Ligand code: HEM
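One chain comes next, on its own, written out as structure tokens in the form predicted alone.
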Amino acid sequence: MTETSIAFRRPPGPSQPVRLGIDAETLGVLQRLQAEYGDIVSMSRQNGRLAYFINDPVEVRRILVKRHGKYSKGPGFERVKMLLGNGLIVSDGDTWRRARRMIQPAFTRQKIHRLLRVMAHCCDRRAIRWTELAARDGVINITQETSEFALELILISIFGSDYASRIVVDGDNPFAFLSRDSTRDLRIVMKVQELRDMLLEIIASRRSRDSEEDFDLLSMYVQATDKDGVGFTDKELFDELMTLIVAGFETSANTLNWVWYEVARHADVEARLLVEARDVLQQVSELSHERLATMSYTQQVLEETLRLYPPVWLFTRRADAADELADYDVPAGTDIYLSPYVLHRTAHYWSDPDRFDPDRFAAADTPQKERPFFPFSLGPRRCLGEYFSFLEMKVHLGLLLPRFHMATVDDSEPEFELGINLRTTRDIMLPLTRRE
């Protein structure tokens, strides 16, 4: 849609066209516009389209929850679609609704609890490697380590026994490029397509054997059917599996990267986490979802990390029908920009917003559903893997923090790489010691 001369109640904003993408320049633009014009800003993009930046939590919730049916995916998803096909993150309308209903049963809490042992085993393997690093170098590339941990975990959770027998048979992980290369360009898209034959063979094998032999996410995806009893096609399964692999590991990997960095900087936070981990998870045999649910301070630390470093720093939508937000009109076709990063660091919603303070997520007067906080989005499109991610991160911290201590070298802060995900420009290196 291009702007017309039809009068409507338009929010304040700049008179000159604005360039918007998914990059550091865009973050700077949104921060300046919010500071100058407030929490609802209108602008013209360079291509002539009308765009709104919404930083009001009430209106963000209205778009994502109450009136989500009036909005579809916005600009910027073309790059994601090249990588993930038409999987759950990218699809819209009936295609998305069908896939969501089919996939949702795989992510019930009862199903995810059955993967706790996988999470623990991945932590144990990481502990062996970290022990060697502490003895040899005394330094850990925590960015790489959390990426490898999260990637291994999601792959085993998806493929079960096929991970060892059909994916890493020669000792090399063909998905390793996802954790080693943060770019999401055409070169990475080509590497993803090179995995197609292998994944289709695994899918065919699963379809031909008794699915009750397995308990993993792939078996549940293969068994899933829609209301007419129709399952996913091979192409649909491939797209959904790649979506699950990429989204499933990146969110946890990036968050754990930032968690270890912040814990290394805050001895008081580390001390409280240690007390809780030792009290709740004294032995791996005691690992259970009931015990993990009592790790309230660990949950606070994770949420505070997600506040400061939301994995997806920018969401976009497009108005499919005319709407109203606050005192303004939203013409059909308007591009909508929502940034958890900006909202989570806005001073009139969060006191001292740039300070790392897990206590701000202690039991609060504001109901959880009303917090100006949406690292996993909101409403029907809220991330299905949110519970899985929190559970794996609690297990990771609960089992590894009592064994290892990390410190920072200096007070310098990592720079951001602002692509589809919020990453560090350079890997974070931390001194590592093993606890007695």
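None of the values given here were measured: they were computed from a predicted structure. Residues carry their position along the shown sequence, with the first being 1.
Keep in mind the form predicted together with this ligand is missing from the figure; the text below concerns it.
Stretch-level contact check against this ligand in the predicted bound form with heavy atoms at 4.5 Å: of 291 to 299, 354 to 362, 260 to 268, 94 to 102, the positive one is 94 to 102. Contact annotation for residue 317: at least one heavy atom lies within 4.5 Å of this ligand in the predicted bound form. In the predicted bound form, this ligand sits beyond 4.5 Å of every heavy atom of residue 130. Contact check for residue 406: no non-hydrogen atom falls within 4.5 Å of this ligand in the predicted bound form. In the predicted bound form, this ligand sits within 4.5 Å of a heavy atom belonging to residue 393. With the partner omitted here, the residue from 71, 238, 163, 77 that has a non-hydrogen atom within 4.5 angstroms of this ligand in the predicted bound form is 77. Only one of the listed residues (339, 143, 252, 305) places a non-hydrogen atom within 4.5 angstroms of this ligand in the predicted bound form, and that residue is 252.
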